[in-house]
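In structure tokens, the next block holds one chain alone, the form predicted alone.
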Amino acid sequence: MSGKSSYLEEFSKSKAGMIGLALLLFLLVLSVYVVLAYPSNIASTWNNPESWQGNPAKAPPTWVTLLGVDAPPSLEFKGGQWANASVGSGNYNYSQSYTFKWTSKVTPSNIVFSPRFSGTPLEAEMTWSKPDGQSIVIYIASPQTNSNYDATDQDISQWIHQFVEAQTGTLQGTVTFGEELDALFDADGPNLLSNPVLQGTYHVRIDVLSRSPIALSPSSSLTVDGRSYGIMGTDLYGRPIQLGILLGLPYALELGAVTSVAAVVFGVVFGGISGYIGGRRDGFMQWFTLVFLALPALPFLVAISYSFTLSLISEALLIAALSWPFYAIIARSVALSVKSQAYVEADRAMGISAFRTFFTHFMPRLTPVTIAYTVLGIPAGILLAQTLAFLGIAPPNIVTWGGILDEAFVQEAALFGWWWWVFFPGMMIVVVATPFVLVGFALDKIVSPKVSAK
């Protein structure tokens, strides 16, 4: 007990170790929150582009506006009860109104109407009123619940097309997606598509017409997608980078821990036994260790991983299978120093079995080393796992930071200036590794001198 208290007392005096421990506890709490707060099928939602249609694509973080960048955030309107009124011929009309101010000099990246209801409506009518008094009326025939209608939808674009022709006085063969947004936000007139953005108050009224009563949910929404989103931006599909960072945290910590524990425990026991028994068996075990040490880890893991479907445990064990030799070499050197001690010779003279001697004198002295290197080994496991994910090798239905970086690389995010798509996943790998390195080095600094002195 006094030995444990001594280790804890010395560790508590290490500022770096305590900072690392605090960061580690924060990451663990955050990981538990993610597991409890998000549904088990969130990874499937992440991989479904349609689920993120309401978010702006390739949008930088909202805080870039503090740097003088004109990148307005998204505006989402939902909630509240729909007003119900009967109209002629027994029809029913449900209405909802939204008002917002637009102060940016650029148009948003999209508008999305997402109705949520039960029943069968005939049509939805959206009246888009601009600050200059002009209105655009858009009809959506037979709207479907849980669908997203944006500016690219045919039901919306055809009415915007007609408004553009009425304003410009010319027939428009095609109206691009960007021109549709210009029509909704630019000053009206013959030069509608080249006029500046109208800054001011916009009014949007949505009417849903049906022949029988329907139930419109307060979760129905109208979203004006801005040019920025969240604290970490979005990717090509509108997925929030901060969500991917959070979802990847439990996987990274779990895989890193399992990998490190398996590699260190096996390596320490194997190396400890090798150093203890000595002779030819020690020579053979050292040869076996060097063979695994010489294997090129990444190419070998890539080749093996393509042979079967990975799970978290199987991936962790594969990485551990190529990581243990380093710890075996360290454990063997510790075992050789312990082997020369007088109490080991006394055990032999008294006829005590080798098995009992090993677990009585060797393992207690190897345990502190095992703990220290287990903590230090977790960042290596995380880094190798994320590298495999970057190469497209990861368990299915798991969000990984390496996978996010892989998609950013494929879409040439760095080339197009979408720096947030690359920066935050890469930085998170460093952030997660930092507390383990701080705690591991603090433990190693405490443990190594004591083990060497015994």
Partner chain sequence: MTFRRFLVVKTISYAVALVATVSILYVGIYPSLQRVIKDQATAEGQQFQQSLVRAHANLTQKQIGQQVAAFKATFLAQFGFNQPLPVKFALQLQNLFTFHFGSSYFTLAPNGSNQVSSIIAAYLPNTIVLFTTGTILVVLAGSIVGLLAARSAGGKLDRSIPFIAVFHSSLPTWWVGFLFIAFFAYTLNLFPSGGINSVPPPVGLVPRFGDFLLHLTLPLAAFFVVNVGGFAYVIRSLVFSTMGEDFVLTAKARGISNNRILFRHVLRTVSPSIATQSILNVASSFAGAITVEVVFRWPGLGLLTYDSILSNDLPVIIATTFILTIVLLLGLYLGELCYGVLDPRIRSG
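Numbering follows the first chain given and starts at 1. Given the structure is predicted, the values throughout are model-derived calculations rather than measurements.
What comes next is about the form predicted in complex with its partner chain, which is not displayed.
- Just one listed stretch, out of 401-409, 28-36, 49-57, 64-72, contacts its partner chain in the predicted complex at the 4.5 Å heavy atom level, and that stretch is 401-409.
- Within 4.5 Å of some heavy atom of its partner chain in the predicted complex lies at least one heavy atom of residue 300.
- Within this chain, residue 307 lines the site of its partner chain in the predicted complex, having a heavy atom no more than 4.5 Å away.
- Interface membership of residue 100, defined by any non-hydrogen atom within 4.5 Å of its partner chain in the predicted complex, is ruled out.
- Under a 4.5 angstroms non-hydrogen atom cutoff, its partner chain in the predicted complex has residue 384 among its neighbouring residues.
- Of the listed positions (285, 137, 293, 261), a single one reaches within 4.5 angstroms of its partner chain by any non-hydrogen atom in the predicted complex, namely 293.
- Looking at 20-36, no residue comes within 4.5 Å of its partner chain in the predicted complex, counting any heavy atom.
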